[in-house]
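Okay, so we've got a single protein chain in two different forms coming up as structure tokens, structure 1 first and structure 2 after it.
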Structure 1
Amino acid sequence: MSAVTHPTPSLPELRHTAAHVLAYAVQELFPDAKPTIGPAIENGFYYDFDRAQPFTPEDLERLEARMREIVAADHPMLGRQVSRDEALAFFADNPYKVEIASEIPQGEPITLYSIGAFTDLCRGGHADSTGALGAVKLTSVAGAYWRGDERNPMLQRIYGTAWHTQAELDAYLAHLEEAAKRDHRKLGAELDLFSLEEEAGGGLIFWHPKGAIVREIVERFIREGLRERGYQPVVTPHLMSEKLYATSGHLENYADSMFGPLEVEEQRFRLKPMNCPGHILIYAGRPRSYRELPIRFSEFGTVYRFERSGVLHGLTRVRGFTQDDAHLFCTPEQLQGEFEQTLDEALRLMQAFAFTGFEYALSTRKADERTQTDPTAEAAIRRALESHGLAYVVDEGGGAFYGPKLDINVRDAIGRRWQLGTVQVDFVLPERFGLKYRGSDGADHRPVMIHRALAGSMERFFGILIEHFGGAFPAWLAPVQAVVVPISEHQLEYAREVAQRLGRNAMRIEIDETNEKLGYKIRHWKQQRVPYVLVVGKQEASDGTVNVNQRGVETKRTVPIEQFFDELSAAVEQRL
């Protein structure tokens, strides 16, 4: 008998089917578990269950084995449309399904889908049968509040992944293993870059000396670009009157994400969640002429936003962070050119840090928030992208409350996508704050505002850099560029001389003065991912040379100190 063939489902359809198969297996093996929802997600799927007893790693193994049996049985995916009363009666013992069924709007179809003995409430989008699942793997269990609300019951979320073939699954699991090795939280501790201190509270980052060095280098690079493009540095307070955020609209739109209020002398203050109101006040502090525009203010401004503890994640989801923020005030005629130069600077930043696969998303405002100025702003963004020959997608309704925006996404060294730079065009805040400039006609006009943060935040950008480079920062960015390792204490004085000669021009050089064996020292500094380990022994001391152990290069070489100095200088200058 020939094997049964199935139409090839899309990956979302395949993964949605896998979620049903998981729920089927859970109901068979753990009848006390109530299934809730189970969507396909990027690279996999999950299903949430209400169960008093925690799922264990051994439980996942049993479930995965049962899922493979269900796949092998090749159950057809059978759907049928039912009335609301039928759906409520069918799921009468499952309050989660009852809640979902009750909220389906009148007139919309309600469908049930069955595989084998398991039936679920679902809109559809599946493979024709379970046999279409080529390879499936359960990966982890986590807690999740019902519908993401901490006032609701805590559920158990089982994550998994599904692929058309075992080879694709194996490649994905290898990718996960590599990502785990690059986890910035693990490397941050191993390389002594940063920490989160429990005593201080969650989501607050402590930058250690080595991490602070990298941050300073990144800031210096960004500042160079700002200075070249005519930005003026400003500094604004961390704490400002709540009235300011009422005027800007942040209080109305983001109150749940703001810290405060703090009451002082009958006045309410908030920790700033954004830098833009402060920059607006500086602009509005005196009369402005069209001859001054464009005005470009920049600030490495620290802001504070309340994130629930369940979503905090190392450097990439925090409560206090520093943005490479800037706000530009220009005439409508200058908008196009200003947006283009901002895009140029964003490209400079992404290329300098060796990101690839740039992707651009134009996010428009929601239909009910759109104003007559939105098409003008959107057109400026489109023309800027098209003038650079850059393809983009449109995210309808994804813009900020005050206008459309451009998001810049990049791919890291192992192909993961990260959203970094954001540039927003804003006609709303200038109107709210009554900003103006005196035009060439002698009349007052309203400026256009551009918000831009190209790295996003220094914390998140650093976390991405750690994972992108796997902690092995290129020489220009490395907190320690070279370590001088004497073979014995007899060469310690020469090692200090080498470090002193190399350390001129602010090169970052350390000396290993420990009494450990040479092999141990070299292994240690390689584990610390230092770009160069310079071994010096009796011969090197006599010849005025260093033996170079370069990261990622098997062959060792002995060169004069000045030659190595020139080599390291060239690497820094070329950002290698």
Structure 2
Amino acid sequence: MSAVTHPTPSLPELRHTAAHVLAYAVQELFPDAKPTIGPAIENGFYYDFDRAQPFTPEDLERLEARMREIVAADHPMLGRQVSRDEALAFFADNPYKVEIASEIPQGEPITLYSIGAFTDLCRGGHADSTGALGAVKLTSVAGAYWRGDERNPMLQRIYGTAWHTQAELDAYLAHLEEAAKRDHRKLGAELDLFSLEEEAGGGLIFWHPKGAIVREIVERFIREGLRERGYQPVVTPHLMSEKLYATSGHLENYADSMFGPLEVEEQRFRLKPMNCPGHILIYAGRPRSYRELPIRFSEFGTVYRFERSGVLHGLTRVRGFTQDDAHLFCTPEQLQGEFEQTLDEALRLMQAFAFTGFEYALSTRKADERTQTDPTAEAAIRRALESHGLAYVVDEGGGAFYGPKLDINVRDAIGRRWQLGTVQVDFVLPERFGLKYRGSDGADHRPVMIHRALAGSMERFFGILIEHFGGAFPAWLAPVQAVVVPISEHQLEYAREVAQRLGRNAMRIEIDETNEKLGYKIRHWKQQRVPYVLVVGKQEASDGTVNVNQRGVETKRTVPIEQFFDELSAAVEQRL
């Protein structure tokens, strides 16, 4: 260990330095590998190498060992500025570095940084010395295209994580483990919530009874809010003429994400990738007056989007999904108010499901696609956010093809970020479909549309809920809210009576009729994360009580059946 004290580098500096150390180790152990780019990322770093041979897990171990030696040697990080010619000459045998060096604008300094015998082209932002690296671990290898473009050569990417101290690294690894335990794909199978079926094809979800009931509860909750806020439910077809999507612009702008045409009687049909065109047809089906605006059509609309096989992932990235979709048609004057109302709805949803850390991201349209209405649409979003006192970040060019959008992000129970809903302002589709309404002045006017989905997709939302709660759904959502467990078969009849008395008001109660010992049954239901296990033995049967073993609560209590019913009802009522 070095006796010299270093100023503590920031985590990005530390991780950037770790990337250099990795490249140094690779240069030594695999001299044929050409280093390309190696930035710090969230939680760690990566470095891409051009090498014919992929790195194996054993290679990673060797590299990690070598990296520790480089850290222990405490090489100072030495930077120097060079001329462009010098840089090009230095990296003559590395076309990637040459490409980067050539692209550095005139007037900007070109810098090389060295540790020990390794020198890299780099703009800086490091620790002073490799000794500053507290704890480093290489995590995985993966293919990655040069500059993320699939037309470019595939490089070998090595991922790693780096922290100030071993304790921080351990905490991070523990966090990964916790996340793995909550993985919705794992819990989905263990709790019998949903599945994907090889025979059916990738990215298509089968909701099992215990998953479907959760979905139904979520839908019911959302529908309540929609009804209160004046939305009208509509239902539109899954399959519609391709002409419709030519009009909407989907064929032009969204075809890559759509399933191909189905031809029937010389007419081409498409599976719907979005619900908006269908809702627009309903709006446009008859003349509209300003007196009926705003019109709010809502639909749990199932859409199909083509996703390349390699990107599918559990419930969060699928090919068929149902959006809690709605389209609002309003006058330009109503836009602001309607947009703000959707923000309130979003807040209600996120709070009901115990999410925290709401963040808002405004995505503007790509510069080359911007229309004259975009500034108006963006301004409406900004004003709505500002009037609610909500901070937001801006993603330039991330908008939909018909307008800018606002994405709503939340933090889950273990601090991870998820994107939930999206609200979009649209002047384009009303134009393309020639939508109008008769104004108070007797003339026709163009309505503005708001597209909004707050849970986003029911599939993805369910996946996020599973991970957020770690499968331990609160009583109002739990597929099985309580299980009655008789101590022996002699109490079976009483158990059935208890279940029957509790099963009112659509309470979801099961009875454990298995021929197992009490401990076994308790363990089973705890593993199934049922909120309440109700043990009934001789004592309870003669007293008309249940012994309540509540999830997450150490102490047990014996209460009359009716008292437990009231307690459960209250929990459901308060969405606990």
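We call the rigid core whatever largest set of C-alpha positions still superposes within 1.5 Å between the two forms. Model, not experiment: these values are computed from the prediction. Each residue is numbered by where it sits in the sequence of structure 1, with counting from 1.
Here the form predicted in complex with the RNA appears as structure 2, and structure 1 shows the other form of the same chain.
A summary of the domain motion between the two structures places the hinge between the two rigid parts at Leu173, out of the options Gly203, Leu173, Gly397, Ala89. Of the two rigid parts that make up the chain, the smaller rotates 15° against the larger between the two structures. In the core-aligned comparison between the two structures, the Cα atom of Ile158 sits 3.8 Å away from its counterpart. Here the two forms are laid over each other by their core, and the C-alpha of Thr17 is off by 4.7 Å between the two structures.
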